[in-house]
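So this one's two forms of a single chain, laid out as structure tokens and tagged structure 1 and structure 2.
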Structure 1
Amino acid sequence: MKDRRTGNNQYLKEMNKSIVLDLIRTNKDMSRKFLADRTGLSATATGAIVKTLLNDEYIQEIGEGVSSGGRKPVILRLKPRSYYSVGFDIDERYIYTVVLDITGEVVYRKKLETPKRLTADETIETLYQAYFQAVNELVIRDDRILGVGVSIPGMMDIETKRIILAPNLGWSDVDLLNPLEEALDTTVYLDNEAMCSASCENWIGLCRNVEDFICINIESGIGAGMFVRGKIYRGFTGSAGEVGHISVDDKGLVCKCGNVGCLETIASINGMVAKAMRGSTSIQNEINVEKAFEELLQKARRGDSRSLEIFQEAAESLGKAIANLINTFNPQKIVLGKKFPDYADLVLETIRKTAQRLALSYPSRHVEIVSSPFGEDSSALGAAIIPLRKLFGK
């Protein structure tokens, strides 16, 4: 019979390693003594953990610090380019790939346009090719890959990780995790694309020291990732954050989800382009939504009244939805990302004023509504951060 104490001891050792690693990650001048003081571990236990991390090349010694009396302490840091994490973001028209090293530095990024919406099997094959292209270009050993994160624009079952519905991909009840792990022969994590963007903002972005925030992604669809009291909020079944399906117009268009007047039909990239194409003869290419959106944006910047009206209507609708989120979740910060930074200068003030007008005055005075610095890369970055979070015990 297996000794339960052996398992518990191993668990504690791994947990302590993660705690030590995370302290080294988040503090500049960490020595063995500081680590022992911060963790409460003995000098012997701390020294043993540090020795293991040095031998495995997770960390390195970078020189001596300032002495407070006695020998100068040796400073420890994460070792760049030692371990890597791969992130994919699957969109309706593109697959984004990023690779981070253990320090969170982006060492590889690529945006691949797909000729059409891919099936799940086609997606697995595309990710397989993209993964080995990145690994081979960077010359990464198998044992130095912490894992692969994949961002999905849809709802997942929180227990099984099956994709329940990804309407913009045309998927329902899809198992992507198991066949992808088998194809890549490494650990794979799946998460909702907005949740991934929220993780990105929390780990390396605007919300590193913010416990309550919402990250709203505007792309072919609209979704939100939420942190409550410093933890990702997923809801009971894992489908929290589907703000794109908040109804903002009872007389609006029918959404892909089947409801009428969803925010996505007005404020997503697809929604804005569709409205422009119904009312203009100059935007004709319905298939290439990105080019059509760029043309719409250029016309708005040139002062075209119809194009500006489309952006303003989208902004007001988004402001209405944000007001509801402010009243419901009382966030400290709301970050608007993915495609949004490309046109933030045109609409951000309208969104802020609409949300402030419609939300309760007290919580609206204490929320900051901002544009993400990461743009379209945020979900791929957040996906790549998932294996890093696991390493650091988060």
Structure 2
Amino acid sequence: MKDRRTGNNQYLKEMNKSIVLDLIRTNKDMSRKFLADRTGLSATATGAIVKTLLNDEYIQEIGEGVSSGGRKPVILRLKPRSYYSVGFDIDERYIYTVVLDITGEVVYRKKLETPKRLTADETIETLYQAYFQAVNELVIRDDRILGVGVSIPGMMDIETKRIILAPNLGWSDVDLLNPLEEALDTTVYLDNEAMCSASCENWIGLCRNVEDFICINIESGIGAGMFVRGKIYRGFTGSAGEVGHISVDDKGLVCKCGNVGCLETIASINGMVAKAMRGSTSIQNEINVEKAFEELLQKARRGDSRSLEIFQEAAESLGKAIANLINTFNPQKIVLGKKFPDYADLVLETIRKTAQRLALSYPSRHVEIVSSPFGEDSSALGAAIIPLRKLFGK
């Protein structure tokens, strides 16, 4: 469908089709009648739309439901393994490939370690191979691929879709989308890692049917993806959600961003490790952050008070920042993800209590603060979900 502001019959059909399809996705036992009731469409129109969906194998008739005093309804479901969507998560140290089917089920996952940083060209080459390996292994027909989503740890220009800056990859002003689209011969969508995570929570995670929420990712830094009215919110230039730079401590460390006491300096993995190291005697130039954090976590679990204190401070800072977000944003949920689930048990209660204490009572009574069920996979999954979202009109 061409990009136009106004609608015509095709647009109408497309739109209604998406709505019907989405109702079938989000509700377990939908019949034609039930769809008609929910959509406001006539039984006829509903039947016609269902027919085309069946024809194209987006859905299938799964059997009969319980009668409510008359003919039994025919239950409709998305047809598993009918259409597929591919997601990539590009990171400093790995490229992660997942394939979902139309129902959102993961049918393929493969993590490729990349010992050295890849250039954009090398990345495209690698994605090319990963793509066709997956597609061939799963024996997916070309016309059954809905598209490819790519998660990038960086900022992109909202218009041109060029990657403006991806510090961890060492890229700046790179066009990944067009060459990749040419190489794979499919529609490619690019999005920021945090946005992808949020998208994942919204589709298959804890924020299904949640319209307004924030997904905060704790990694080497801290970033967030935000949903507003059921859609990803990007902001004016596409950089919304930089919650890592909310200032939570007047007399805290100076952050590389120029501000003081940024959340990131206290509650990110790097921040916590740095704090743990400051007390230590071993001065290492190149610390393995991942390993160091693992050790910190072990020590905390064994009851080491200094380590526990670091986690508690991080929790309180997170609580503070979250209180700000609750007041300004009034979200329904706040999901903490990526590395966070690994140590959620240590800190979640403190975060909740701190946020509850500092935020206004009305919005904070209605918000849930939870730990993500996905961990580090959320970005790749979220990337794969982008093409699905388009199909379902989201």
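Here, a residue number simply tells you its place in the sequence of structure 1, counted from 1. No experiment lies behind these values; they were computed from the predicted model shown. Rigid core here is just the name for the largest C-alpha set that superposes within 1.5 Å across the two forms.
TODO: Kindly point out the structure, among the two, that is the form predicted in complex with another copy of the chain.
DONE: It is structure 2; that copy is the form predicted in complex with another copy of the chain.
TODO: Answer yes if the Cα of E264 shifts by 2 angstroms or more between structures 1 and 2 on a rigid-core superposition, and no otherwise.
DONE: Comparing forms between structures 1 and 2, the E264 CA shifts at least 2 Å.
Open item on the list: After superposing the rigid core, is the C-alpha displacement of K51 2 Å or more between structures 1 and 2?
Closed with: No.
- [ ] Examine F34 after superposing the rigid core and state whether its CA is displaced by 2 Å or more between structures 1 and 2.
- [x] F34: C-alpha displaced by less than 2 Å between structures 1 and 2.
Task: For D250, CA displacement between structures 1 and 2 after the core is overlaid, in Å - done: C-alpha shift for D250: 9.6 Å.
Task: Following rigid core superposition, Cα shift of V210 between structures 1 and 2 in Å - done: Displacement of the alpha carbon, after core fit: 3.6 Å.
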